[in-house]
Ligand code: IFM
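For reference, the chain that follows is the form predicted alone, supplied as structure tokens.
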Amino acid sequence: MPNFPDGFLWGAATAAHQVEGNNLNNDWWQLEQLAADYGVEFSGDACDSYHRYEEDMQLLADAGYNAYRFSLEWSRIEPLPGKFSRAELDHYRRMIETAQRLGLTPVVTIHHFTHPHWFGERGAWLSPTATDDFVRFVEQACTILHDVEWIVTINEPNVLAITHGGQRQVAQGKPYPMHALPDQEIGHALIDAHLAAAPLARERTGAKVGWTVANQALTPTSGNEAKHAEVQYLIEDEYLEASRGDDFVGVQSYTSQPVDADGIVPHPEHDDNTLMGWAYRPDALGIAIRHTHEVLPDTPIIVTENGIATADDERRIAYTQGALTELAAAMADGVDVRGYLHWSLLDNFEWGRWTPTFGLVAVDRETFERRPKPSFSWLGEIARRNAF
């Protein structure tokens, strides 16, 4: 394999609610209380990364990585509408400065799935003030992002539109839809918020600004190409097209699924399935990168998430090796990819469950001891050499 380009980002990613612990004022904390009887687990102290972020970053730097993606927690920064915490902004500023001091390029996500209670009480993304509320938060975030090179406005808006759409269905007394497509009204609201926030963040900081899209790597079954195109537009391409003109787009890929006449085919049970129940498809990353490039041929790509939920770390290495091989092949064919950020740095709170372990580093949930896995040093060596 050839070397990767100079300046290629090699890192890992986390999200505030999944690793910080005790985000008491957001919608996910509330959901954990309300849905506990339905199997949703408690995030609690999570990985205590709110206090241990320097230890996490030091691990990355020492192992040879050069980038770290993390997110800001809106509910900490703006606990009440229009009331901002200077102390919390300073906390996230210290995280940025710590990353830079350790030689890590911070890739900062402004919104990663969670929002304050008050935003939810207003109707969340369906509130008539949603875009204004989000832009106000972004304005404050920009006061600490002036020297950050890469900014993500919103993480996986297409997944947000699916999950919030499902919650909307439940609130209307309907069952939670399985294998749903994004709620279009919510999706369009998220697109509006991104289109308002991205130019503001770019102007205030000078950073490269984009957002990340969950790439499903969908493939058509024989005779169902039209249905595939319809589903792919609704679940993915509409959000990719909103990135047209952005400085980059984040590709987030884990698995692949076929589309038949009825839509997306659920993952069948199989011994090879991951702890998420997903098909083992390291080739999905190549499919996702190439499709994103087809939709946005002039927009640079960063792989902002890619990984596997498994308790077998040798399998994690094999999966990642396969994914990186697909990545390198796409780049050799001319796709402009600027970095690879593995999901996740830590075994963390995986949105309602602790069992799916995506981390390169295990965490003792009683002592918070970090225990790097062999995959961590394996990928770190690739990062150090900038080559396979």
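What you see is a predicted model, and the numbers here were worked out from it, not measured in a lab. Numbering starts at 1 and runs along the sequence shown.
This next part talks about the form predicted in complex with the ligand, which is not shown.
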Item to complete: Answer with one of Tyr239, Tyr254, Trp150, Trp211: the residue that has a non-hydrogen atom within 4.5 Å of the ligand in the model of the complex.
Response: Tyr254
Item to complete: Check each of Tyr53, Trp343, Trp29, Tyr319 and return the one that places a heavy atom within 4.5 angstroms of the ligand in the model of the complex.
Response: Trp343
Worksheet item: Can you check whether Met276 is within 4.5 Å of the ligand in the model of the complex, heavy atom basis?
Response: yes
Fill in: Partner contact for Glu156 in the model of the complex: the ligand, 4.5 angstroms, heavy atom
yes
Worksheet item: Can you check whether Glu326 is within 4.5 Å of the ligand in the model of the complex, heavy atom basis?
Response: no
Discussion item. So in the model of the complex, is the ligand close enough to His293 to count as touching (4.5 Å, heavy atoms)?
Written reply: no
Worksheet, complete the sentence: Within 4.5 Å of the ligand in the model of the complex by heavy atoms, the stretch out of 344-352, 327-335, 44-52, 58-66 is 344-352
Discussion item. Using a 4.5 Å cut-off on any heavy atom, which residues of 111-126 would contact the ligand in the model of the complex?
Written reply: His112, Phe113
